[in-house]
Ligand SMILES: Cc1cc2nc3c(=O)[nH]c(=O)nc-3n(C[C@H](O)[C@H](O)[C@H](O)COP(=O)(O)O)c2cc1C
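Take a look at this single chain, the form predicted on its own, given in structure tokens.
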């Protein structure tokens, strides 16, 4: 099983980076043949989507549509395609994922999705994204906040539902578990490490 871990924090070695590493440990604990590659988006040259519709208009029979932009997504897209599972991690800023995570999600959307046809058995409005591939995948999502406590998650975490819907529509990935590490400035990251580990095990169970 190949897993791609996507780290959307601006800071390495901090909360999200640490929790993703714990999730990776858990994922490997279930099966020592699991292959994991971790990418830090802050290290990647990923330009803004231009809305040029090149991917949207590409042949819907392709597993991966063409993108008009030449940058590090050219290297990342094949890794995204080959992965069987995903770990997405991002701090929550102003109730949303980081800008680099949002940029990444925008760029992968119609590269891995195709516009829904006019007539479909699925309840998807015409031209909205639906997966190009029938290959089912799994994912987990980890978010964190330095200030907001876990009990207030539903009021301040719009990142998790956005990632969940995007990867469902584009990557045909089902989210099998999520976690929100809240009030890190007060509680610290160690409180959440075991949960991240168990979440990783859930991904490969």
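Since this is a predicted model, take the numbers as computed values, not measurements. Numbering follows the first chain given and starts at 1.
Keep in mind that the form predicted in complex with the named molecule is not shown, yet the notes after this line are about it.
- Looking at 128-136, 85-93, 72-80, 104-112, the stretch with residues near the named molecule in the model of the complex, meaning non-hydrogen atoms within 4.5 angstroms, turns out to be 85-93.
- For the options 29, 156, 64, 39, the one in contact with the named molecule in the model of the complex, meaning a heavy atom within 4.5 Å, is 156.
- In the model of the complex, every residue of the candidate spot (144, 148 and 184) has a heavy atom lying within 4.5 Å of the named molecule.
- In the model of the complex, no heavy atom of residue 196 sits within 4.5 Å of the named molecule.
- Contact between residue 191 and the named molecule in the model of the complex is not found at the 4.5 Å heavy atom cutoff.
- Although the partner is absent here, residue 23 is not a contact residue: none of its heavy atoms lies within 4.5 angstroms of the named molecule in the model of the complex.
- In the model of the complex, the residues of 1-36 lying within 4.5 Å of the named molecule by at least one heavy atom are, in order, 9, 11, 14, 15, 16.
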